[in-house]
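Single chain ahead, written as structure tokens, the form predicted alone.
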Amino acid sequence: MSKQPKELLKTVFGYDEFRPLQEEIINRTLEGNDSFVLMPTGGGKSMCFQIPALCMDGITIVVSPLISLMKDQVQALKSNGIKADFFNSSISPEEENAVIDRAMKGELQLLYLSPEKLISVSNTWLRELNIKLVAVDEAHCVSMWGHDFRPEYTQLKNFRNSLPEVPFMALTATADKSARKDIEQQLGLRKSKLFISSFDRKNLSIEVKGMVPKKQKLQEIKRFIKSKKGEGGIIYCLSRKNTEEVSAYLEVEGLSVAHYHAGMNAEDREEVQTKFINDDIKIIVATIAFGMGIDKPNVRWVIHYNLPKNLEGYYQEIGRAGRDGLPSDTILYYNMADFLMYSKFADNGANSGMQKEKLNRMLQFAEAKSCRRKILLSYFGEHLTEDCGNCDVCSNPPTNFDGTVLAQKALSTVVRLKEKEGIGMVVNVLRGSQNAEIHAKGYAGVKTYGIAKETSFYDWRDYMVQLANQGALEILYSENSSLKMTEIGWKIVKGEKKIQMTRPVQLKDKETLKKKKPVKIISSNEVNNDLFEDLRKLRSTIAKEENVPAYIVFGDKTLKEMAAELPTTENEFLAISGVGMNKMEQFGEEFMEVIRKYKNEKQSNPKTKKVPTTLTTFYFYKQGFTPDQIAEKRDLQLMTVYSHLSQLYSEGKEVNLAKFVTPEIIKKVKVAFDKNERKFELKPIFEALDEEVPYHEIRIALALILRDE
């Protein structure tokens, strides 16, 4: 292994720090072990196998069912100077031969294949490759318990068995406990470790609106989109007809919109998707056929025109908003007609019982009266200790009551029924039902039988859902939707924890659920919006010239940081999150020229005097904050803070810069600096030092060398 993961993270991808769990997963993979990675959409799954691929001498095979995502990821990798390609049904026989030739010659670091193609070539030329890692993306497709089962995935176990010494990595954004176990078995993972990243996408606001008439719904959507001033988003509809109707309505209103569904021919679908990715169309109205594999980071909002059929799908679909971490909105509209239609679909489909239970859970989420983020995360096995403050319920909370005694009755009954029964049976026992099945199973003899006759079945069902939503119970769909106790549930039963619940909302009260506004997350960066727009225009021009999506050049988050930090030197530009060496060399000078022009215009026509960003960093430094703390407080990259401190030192400010770098490093940098004719260029020095000294240490060392002379 010639290069270190963290070094590659900065020099290739332009990031200073790994996201949670990424480094541990990468290190485990480099040690030759299997891993199961469960991370939310936009959580950084790809980096978990892309970094190891660059560390290893050989090829990494990536299995993905999403042709559009393969293309996007390969384009992104190539833009960062990485040797990658894809092999799927979208390329011609001539292109296939070219890819095979490059792979056989060892010219590829990553090769993406669809499962169908992998199976068809697994016993031919693929056997000749020096495969060092196999990553199976969208791994939930292998499980019957997953929401997107694909039979061809079940044949991957044979491929795994043919490579016993090669580490395998399964990756997915959506898998409940039943699906997780099935995925490990179906793929033949060996002593794999499960890594579950937080599913909490704090930047997404969550709002639900029930029983809104069609005309009002369309008007609300139109007003919402127009308030977003040209920002892009996706509207998901239940039927093809809906997509066309909603798209036509918005087009008449002068909005940049197109529809997308499986009934369109492949060329038309491809054209719509490409225009959306390239920002030529701002709004897509689509069935759930759209979006799988869309890696567009600047989708600012997602609207569900109808109720989704399960929480896995809903979570994945809203996860297409705000993948760059910037504030984004999600709105869900639902009514009982949606629910009934999906119920009919489930009756005629595979795993009918399980699909209907998941649909019920989706409806329960929509009708919930407690923090929606808590409910959503609880479904995936993650439990928040506090309400999120960024959903409609938190913005307009219902009246709660101490439901501890009520919860203890329900939970005790679940235990007495040996955690084998579902909601209906538990409620019937609580209410003392004379149901024949209760007597046949001997449940009329349990201690809690009939202890809550005064509460209606409807209300009890609501309370049971609240207990599941708050993490006191789990619903295991693979075990006939039986209720299982959680650690939180046991604490409630034992009297170690209290629980707040809400009275069931009567139909006449449901109108009050619409009176809310989602809480917004405000970015702490001071973005120059005019400059941001200029940078976006430049990005669009470059993207068209390069024939790639705009975000492949730079994401919105990176542009916003440029517009806040105003980098005009190579060092400052490299300090921006998302700027690696390859992109610096390709695009850096053009973007810095736009920034220089902006700074010159502001200096010649100053309207307001703004405190330089370096002085703000200096203020926190003088208060005793460490660079890490300053970066966190100011929402900056650590590299940027070190750049500020180096500049402040060069300007004569009292900064103890020497404590951030060793004397040995300073000596090495000085030798390389002198050999480079004392040019203030970081990359030649970085390469001269065998890429072993981080850029921020080189920058600090140069500041010390130049000021001390």
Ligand code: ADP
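Bear in mind that the values here come from a model prediction, so they are computed numbers and not experimental data. In this text, residue numbers run from 1 along the sequence as written.
There is another form of this protein, the form predicted in complex with this ligand, and it is not shown here; the text below is about that form.
Checked against this ligand in the predicted complex, the residues 539, 323, 372, 259 give one hit for a heavy atom within 4.5 Å, which is 323. Shown without its partner, this chain lists 68, 35, 46, 647 as candidates; in the predicted complex, only 46 has a non-hydrogen atom within 4.5 angstroms of this ligand. The partner is not drawn, yet in the predicted complex one stretch among 52 to 60, 37 to 45, 676 to 684, 654 to 662 has residues with heavy atoms inside 4.5 Å of this ligand: 37 to 45. With a 4.5 Å cutoff on heavy atoms, residue 17 counts as touching this ligand in the predicted complex.
Put simply, residue 22 is close to this ligand in the predicted complex: some heavy atom of it is within 4.5 Å.
By the criterion of a heavy atom within 4.5 Å, residue 12 is excluded from the residues contacting this ligand in the predicted complex. Interface membership of residue 462, defined by any non-hydrogen atom within 4.5 Å of this ligand in the predicted complex, is ruled out.
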